[in-house]
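One chain comes next, on its own, written as structure tokens: the form predicted alone.
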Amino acid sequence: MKHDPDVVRIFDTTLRDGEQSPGASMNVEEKVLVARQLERLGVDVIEAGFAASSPGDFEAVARVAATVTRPVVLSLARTKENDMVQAIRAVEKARNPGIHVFIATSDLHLERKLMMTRQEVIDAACWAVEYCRKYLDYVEFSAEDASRSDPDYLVQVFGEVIRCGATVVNVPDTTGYAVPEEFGALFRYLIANTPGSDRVVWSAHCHNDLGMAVANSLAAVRNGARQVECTVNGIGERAGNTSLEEVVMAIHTRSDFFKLRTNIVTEQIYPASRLLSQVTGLVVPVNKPIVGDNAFAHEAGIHQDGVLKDKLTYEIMRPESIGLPSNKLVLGKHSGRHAFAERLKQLGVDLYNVDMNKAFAKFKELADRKKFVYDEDILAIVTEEAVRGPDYLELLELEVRASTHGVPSAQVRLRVDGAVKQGAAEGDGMVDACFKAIAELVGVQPRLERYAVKAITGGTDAMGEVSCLISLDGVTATGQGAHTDIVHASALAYVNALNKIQSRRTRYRQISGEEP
């Protein structure tokens, strides 16, 4: 497999491992939307899902495979024939198809989970790789729980799968157990001792349970790894995965140290982070490196003084290098459609995913309410529109009342599957009353699992973003809404989540012929 030794490939598993983060599940349309952004971001590989796990995951992998053109698109699979058959079928329409097959190698997993001997694992791994190579040229093999496996046994396993045709071999720190010096030394040992190690790309896949996923991945890179498996915003199971933006910007900013580069278009990092946050409803912490709200903020007087004299005193990266908007006034109520579309392009928005008529109308409505319209406001409008579910429900009108002495109440008018309905309810607060009124009109009682509010810009007229996670009869969905009125934004988010649940039920019936 030909590969530039000066390039670290970025393997993005946001749509597979990242989606396993609690509350981060995405429907097919959302996965396609994120995949388009990942392609603009310049990732080398997209792990689109685990095709054999469900009909929905199979469809998502297939749709992503048929949508993007430059990255390798692959599905995860165990060393089981059905898994591999489903994975191979799912990527058959990809321009660059691949498969990622894995089996555990630590004695703990062999004895407690697989109930297999070391030789049986080697036999299963070799059989799986040989099977996949009959259909695909790109076969990645992972040794699950490698960081807790016997290094000499790993040399055996990797040597055999390379002999059988694996093109990428992955060394996962599945439980986030490793420390950088140890993990780097493991890569150094494996590359030096594994037969055929020079014929494959060595990959690192780290979890963040001890907060060292990025450090471990970079240690692997320093010791020969030329692929890092990571997720946007570092989302993933438990404490998350290696953060894509942190690894990329570390290599980019400290190129003097690493002497390496990636194929990532760094200006697309912030748009990717923001889109994923909108889609999943998982808010990026303000102190998150690279993409957090405070990543380029300076409050301490000494820092402010230094930055005013020379930005290099306290800024090692330019905000523009990750595509961070400048937070300046760019458009107003007199701006035209052409200027609006041009600004969206400058902000890295793919106009393919935008209903310009609706987006421009929302912009005009916002410009009439706000004195200043910021880049973040514009991004909120188009992103919220892009991640909306089908309009089974549509919020037509909302009126809420509250006082220090009265019970909060809400009156709501909805279009429900084409029919206009109106109702009212009381609650513990205006948002609670609003949600109860909507639920009664729809005739369901979903459970609110998570509710988060974020002001996009400053000022009392700031656009507010609301995300909520609801569950109904075992189906969960996140909803997003943006509005200058936070109760209105909450109603939009709740309706968005209900639309997604309805869409998932309909899609499941189409695929399986029954209710979930």
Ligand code: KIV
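Just so you know, these numbers come straight off a predicted model, no measurement behind them. For every residue, the number given is its place in the sequence shown, counted from 1.
There is another form of the same protein, the form predicted together with 3-methyl-2-oxobutanoic acid; it is not shown, and what comes next is about it.
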Do K500 and 3-methyl-2-oxobutanoic acid share at least one heavy atom pair within 4.5 Å in the model of the complex? no
Is G184 one of the residues lying within 4.5 Å of 3-methyl-2-oxobutanoic acid in the model of the complex, judged by heavy atom distances? no
Partner contact for L76 in the model of the complex: 3-methyl-2-oxobutanoic acid, 4.5 angstroms, heavy atom: yes
So in the model of the complex, does any heavy atom of T174 sit within 4.5 Å of 3-methyl-2-oxobutanoic acid? yes
Would you say all of D12, R226 and T262 touch 3-methyl-2-oxobutanoic acid in the model of the complex, counting a heavy atom within 4.5 Å as a touch? no
With a 4.5 Å heavy atom cut-off to 3-methyl-2-oxobutanoic acid in the model of the complex, the contacting stretch among 199-207, 90-98, 336-344, 437-445 is 199-207
Could you work out which of Y392, F102, F360, Y138 is the residue within 4.5 angstroms of 3-methyl-2-oxobutanoic acid in the model of the complex, going by heavy atoms? F102
Can you pick the one in N170, S106, Q268, T383 that has a heavy atom within 4.5 Å of 3-methyl-2-oxobutanoic acid in the model of the complex? N170
